[in-house]
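The chain below stands alone and is given as structure tokens, in the form predicted alone.
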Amino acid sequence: MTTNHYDVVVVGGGLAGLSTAAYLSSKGKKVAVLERGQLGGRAVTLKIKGFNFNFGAHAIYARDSSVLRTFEKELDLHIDWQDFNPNKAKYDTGDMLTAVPANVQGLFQTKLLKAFDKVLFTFEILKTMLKMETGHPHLSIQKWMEKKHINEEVQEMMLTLASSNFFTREPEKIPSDVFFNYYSRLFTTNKPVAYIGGGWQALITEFVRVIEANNGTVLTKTKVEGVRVEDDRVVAVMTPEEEITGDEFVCCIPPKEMVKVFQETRLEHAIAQYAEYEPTVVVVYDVGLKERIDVPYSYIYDKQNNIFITDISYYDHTCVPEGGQLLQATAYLRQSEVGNKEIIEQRKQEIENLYDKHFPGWREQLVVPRVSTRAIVQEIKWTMNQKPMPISLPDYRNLFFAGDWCEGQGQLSELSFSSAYNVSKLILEKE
């Protein structure tokens, strides 16, 4: 059994692992990334019949305040930003289409709220932007609104926004402090939603470029099966082929996988409590079409059924063959619905109905469909009884954690980037 020694060993080559490794290698650290499968984790791009399908939601929220922008500047990443056009976003209420209140213009155009309710809603948004309202960690957003006697129409608007940004059919369960932290960023940004040209693969390629340019090592098909510990330190990770030693270790694999790695260590029980958490699961139904179906919107949110369709190819022309179109539909699931075959079939039918309604003729243009009935868009679901994993635990002083199940800012990929950045800073501060 051979031994290789590194300054930092990163376990997991998803967005958190790759961004951690890229940042630390750029600061002079000798870094190795170990990934059991393919790079990207859940954020991968799959090419089928000339179409680039992204697994997982690949929008970046509040991009001008995103940690990915920090990585972009400090690592000189080449990112082809494609900004969402809020004027092409519509809510489908069942009997009409109306503007999404994603910005001030959309708020005053939307028919979801009456004039007086718009003023009340705007007031709530203003308080959020100015951080006059921060919520309470022990109150759900529903309980908080009831306690504050928020108007029913305004309540519904706030929960509708939460549904579409937290990928949930149960927005009322979101902790109010998480809700307000998220929206204070979103409402103060100039770029609320952005896509990456080339999809996740373009970003993965950029991180790998930086790692390798700084003499880092990227090992795929390398499964970490356990760790070797001495006193209050991790000293090595074990793979089937070799033992890899390091000074610092960053674990960027989900807690369910992490439990196996830390069996028979002091951390096994501590990690196990985070492994019991429920992920945010959705049904994703993408369709690649041979010819574009032109409609006056690039985003439709079916308010009644909690389903949205995004015309990915409107923003990223590289994801389709010439003249083609790629549409992505996402249907939210309640936790009780996950794995229920009847419900899943019903959700797929609802998606197809929405395609029929807004993209007529799509069936005739269909080249390739891609359906995922259990797509995990975030490892942790934000509810009152679930808290994120800390980025470090006191048992082992040279062990850190990053990923979208960890403490950090934002939602979805932003949690991966922010936890990765915070971990990197902690390691660099040790020098």
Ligand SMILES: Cc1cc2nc3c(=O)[nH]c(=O)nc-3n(C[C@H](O)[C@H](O)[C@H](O)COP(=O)(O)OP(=O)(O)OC[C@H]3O[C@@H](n4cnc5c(N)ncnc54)[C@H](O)[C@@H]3O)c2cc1C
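The numbering used is simple: start at 1 and walk along the sequence shown. In this text, all values refer to a predicted model and were calculated from it rather than measured experimentally.
The same protein also exists as the form predicted together with the ligand; that form is not shown, yet it is the one meant from here on.
> Are Gly288, Gly324 and Leu326 jointly within 4.5 Å of the ligand in the model of the complex, each by at least one heavy atom?
Verified in the model of the complex; spot residues all out of contact, no.
> Evaluate Phe55 for contact with the ligand in the model of the complex, applying a 4.5 angstroms cut-off between non-hydrogen atoms, and reply yes or no.
Although the ligand is absent here, Phe55 would touch it in the model of the complex, with heavy atoms inside 4.5 Å.
> Give a yes/no on whether Phe401 approaches the ligand to within 4.5 Å in the model of the complex, heavy atoms considered.
No, no contact at 4.5 Å.
> Evaluate Phe71 for contact with the ligand in the model of the complex, applying a 4.5 angstroms cut-off between non-hydrogen atoms, and reply yes or no.
No - in the model of the complex, heavy atoms of Phe71 and the ligand never come within 4.5 Å of each other.
> Consider Val9 of the chain shown here, and say whether it contacts the ligand in the model of the complex, taking contact as heavy atoms within 4.5 Å.
Heavy-atom contact with the ligand at 4.5 Å: absent for Val9.
> Only one of Ala62, Leu34, Ile380, Met389 comes within 4.5 Å of the ligand in the model of the complex by heavy atoms, so just point that one out.
By the 4.5 Å heavy-atom cutoff, the listed residue in contact is Leu34.
> Using a 4.5 Å cut on heavy atoms, which of Arg209, Lys223, Lys348, Lys88 is close to the ligand in the model of the complex?
Residue within 4.5 Å of the partner: Lys223.
> Quick one: find which of 361-369, 24-32, 38-46, 393-401 has residues within 4.5 Å of the ligand in the model of the complex by heavy atom distance.
Of the options given, it is 38-46.
> Counting only heavy atoms, which residues in 338-365 are within 4.5 Å of the ligand in the model of the complex?
Nothing in this stretch is in contact.
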